[in-house]
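Given as structure tokens, the chain that follows is alone and in the form predicted on its own.
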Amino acid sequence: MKVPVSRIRAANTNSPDSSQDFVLYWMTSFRRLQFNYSLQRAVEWCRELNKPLLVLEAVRADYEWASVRLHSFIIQGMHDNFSAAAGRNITYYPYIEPSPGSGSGMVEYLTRHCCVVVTDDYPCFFLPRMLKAVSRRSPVLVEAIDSNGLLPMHTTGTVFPTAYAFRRYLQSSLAGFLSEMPQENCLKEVIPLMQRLPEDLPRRWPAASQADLSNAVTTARRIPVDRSVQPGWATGGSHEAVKQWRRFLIDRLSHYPEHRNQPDENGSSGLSPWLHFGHLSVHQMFRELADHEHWAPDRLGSVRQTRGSREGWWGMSSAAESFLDELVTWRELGFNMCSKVKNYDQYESLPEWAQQTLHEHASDIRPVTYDFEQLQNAATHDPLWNAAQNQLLTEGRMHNYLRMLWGKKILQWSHTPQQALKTMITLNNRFATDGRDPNSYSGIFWVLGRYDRAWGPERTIFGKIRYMTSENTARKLHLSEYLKRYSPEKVRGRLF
């Protein structure tokens, strides 16, 4: 099956140039060699033009929040791709920028030697700006390919205001896309081998060595990025991603509904870092989950609903449907927003009712406030909040339920809601391995009213924004082991 037209977006109006030497796949977001529509599309061009394939995977040193934690995770993924590409009929070129600006001009140089550029269509962070700049200067066609989720991002122009509204749309529209799956291994297709690299590429922008990739943390520490943010709990790369996914599928999925919100239990999937960096495909996850559930598309057709209900419409077990609501509904809701709203990360993108109620309570007296350094260092009076922040600092993750409380307390302890938003974005994007992602922005902006409704009674500071307290949270959840694990005594020495 060819890559569906709904996944392909021309980023400029130029044509392919068949007189050039190769097809370029510029890998930026879907950093894997399997279940990848972008790679599959590049192979299609290779076959059509009878040209070899050059896969460029690079990591910059100058993006905002660049750190040893993020760099080492990315480089570990590059090592997996280097190994997976060995012996295949492609040329894989890993480039690690040694200092800010060293890689400048590399992609533009390659566009002057390739027939066509295929790259990843990711709607968040600095990547859309980078794609736009390269597409504007490229002399050949640049195609951006969507391999983000089960629903192609550009099939609808609607920005859905709630998960309920988006779920209703999925229930009426998603079935037709479930038969469209990227190939597991498109590199089995026969394409010519590349005989030589463009002359200036290895001289001006040397590829990372196998040793560089094998020692990801050491390599990351040599680069002038934020060295105070050291590696977190997760190892990057497709190999680890698939291992963690299958372990969850076999061992923990059946208990997902009752355990996912309990910090003392290992109930959530924990897969968001690999999903964010494209080391794991949602399509692969869905296919393997469907096999695990002995599911076929006709079961969806027999129970399909358009009421927006979270349960019953997939025709799977309650545990699988609960997981799919997070993986598909909530995750892809963020992609819907980021792909259509330019200021998705700005305060002004909040619903009008949320901005209005926060404005009305902006001058309310805050009984307690903390500055940024106090919040970053988990130095508040609240042991539960501190534990959640300590988990973020040391491991690069935070328990899903506590992330909501974490944001609500930052709103309560900040002088203005705008300051609270800036603090949440900075802390999340600097320390969370899965930060800088559409899903991250969904969670952060949910704290301030996005995807939610007005709540009563109206409260000080919050107004009509949904209210949460540490005391109520502690009564609902099992927290004794979590509080011990992330207490100041336990994490001391691991911070920064």
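One rule holds for the numbers: they count along the sequence shown, beginning at 1. Bear in mind that the values here come from a model prediction, so they are computed numbers and not experimental data.
The form predicted in complex with a small molecule exists for this protein as well; it is not shown, and the discussion that follows is about that form.
Here the chain stands alone, but in the predicted complex its contact with the small molecule, taken as any heavy atom within 4.5 Å, falls in 325 to 333 among 342 to 350, 325 to 333, 159 to 167, 129 to 137. Residues Asn14, Phe30 and Asp121 are none of them found to lie within 4.5 Å of the small molecule in the predicted complex, as judged by heavy atom distances. Heavy atoms of Arg260 reach within 4.5 Å of the small molecule in the predicted complex, making it an interface residue. Not displayed here, the small molecule is kept clear of Gln40 by more than 4.5 Å at the level of heavy atoms in the predicted complex. The shortest heavy atom separation between Ala234 and the small molecule in the predicted complex exceeds 4.5 Å. Under a 4.5 angstroms non-hydrogen atom cutoff, the small molecule in the predicted complex has Leu275 among its neighbouring residues. Of the listed positions (Thr426, Asn386, Asn400, Ser317), a single one reaches within 4.5 angstroms of the small molecule by any non-hydrogen atom in the predicted complex, namely Asn400. Note on contacts: among Trp406, Phe125, Tyr370, Trp205, the single residue with a heavy atom within 4.5 Å of the small molecule in the predicted complex is Trp406.
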